[in-house]
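Coming up is one lone chain in structure tokens, specifically the form predicted on its own.
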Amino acid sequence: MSANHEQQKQEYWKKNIALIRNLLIIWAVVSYLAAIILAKPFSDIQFFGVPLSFWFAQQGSILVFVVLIFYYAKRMDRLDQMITGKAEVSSTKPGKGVSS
């Protein structure tokens, strides 16, 4: 294994971990904001017979999590293309993956 390949692997994982960390921070902030900070102001507003703060805490955090999953998948696909090279990725069939 060459030193350049090893450096690319380290860069890949460093960016991957930074992306995961940032997305988890966003999810934690959104969940904390919706469930705790905004709970009091929205508790007086009723939506389908339940306080609006409940909807934000229960549904909002789940929806944000699903959006973050799709964003992560898109960013990781772009990172894979950047690390492995676009020509190699575009020549593979969908679902077959990229050989290293």
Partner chain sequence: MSVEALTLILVILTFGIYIYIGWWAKARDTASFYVAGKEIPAVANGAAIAADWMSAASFISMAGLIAFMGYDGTVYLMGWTGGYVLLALLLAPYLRKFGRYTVPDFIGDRYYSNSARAVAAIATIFISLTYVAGQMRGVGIVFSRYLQVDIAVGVIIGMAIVAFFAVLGGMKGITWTQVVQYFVLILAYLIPAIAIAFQLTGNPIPQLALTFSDIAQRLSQLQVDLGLKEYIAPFQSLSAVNVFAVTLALMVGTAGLPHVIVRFYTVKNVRSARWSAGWALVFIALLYTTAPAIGVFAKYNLIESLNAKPIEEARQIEWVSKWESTGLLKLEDKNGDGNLSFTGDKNTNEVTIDRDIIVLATPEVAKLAPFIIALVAAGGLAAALSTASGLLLAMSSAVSHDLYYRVFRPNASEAQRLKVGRLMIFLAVLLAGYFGIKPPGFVGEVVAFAFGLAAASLFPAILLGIFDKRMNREGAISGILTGLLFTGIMILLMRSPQIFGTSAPVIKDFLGISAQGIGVVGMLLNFIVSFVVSRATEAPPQEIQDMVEDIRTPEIFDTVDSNTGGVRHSH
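Residue numbers count along the first chain shown, from 1. For clarity, every value in this text was computed on a predicted model and none was experimentally measured. Rigid core here is just the name for the largest C-alpha set that superposes within 1.5 Å across the two forms.
The following text describes the form predicted together with the partner chain, which does not appear among the structures shown.
- In the predicted bound form, no heavy atom of residue 18 sits within 4.5 Å of the partner chain.
- Residues of 46-71 that come within 4.5 Å of the partner chain in the predicted bound form, judged by any heavy atom, are 46, 47, 48, 49, 50, 51, 53, 54, 55, 56, 57, 58, 59, 61, 62, 63, 65, 66, 68, 69, 70 in sequence order.
- Remark: with the core as the superposition reference, the CA shift of residue 55 between the shown form and the other one reaches 2 Å or more.
- Once the rigid core is overlaid between the shown form and the other one, residue 74 does not reach a Cα shift of 2 Å, moving by less than that.
- Core-superposed comparison between the shown form and the other one: the C-alpha position of residue 39 differs by no less than 2 Å.
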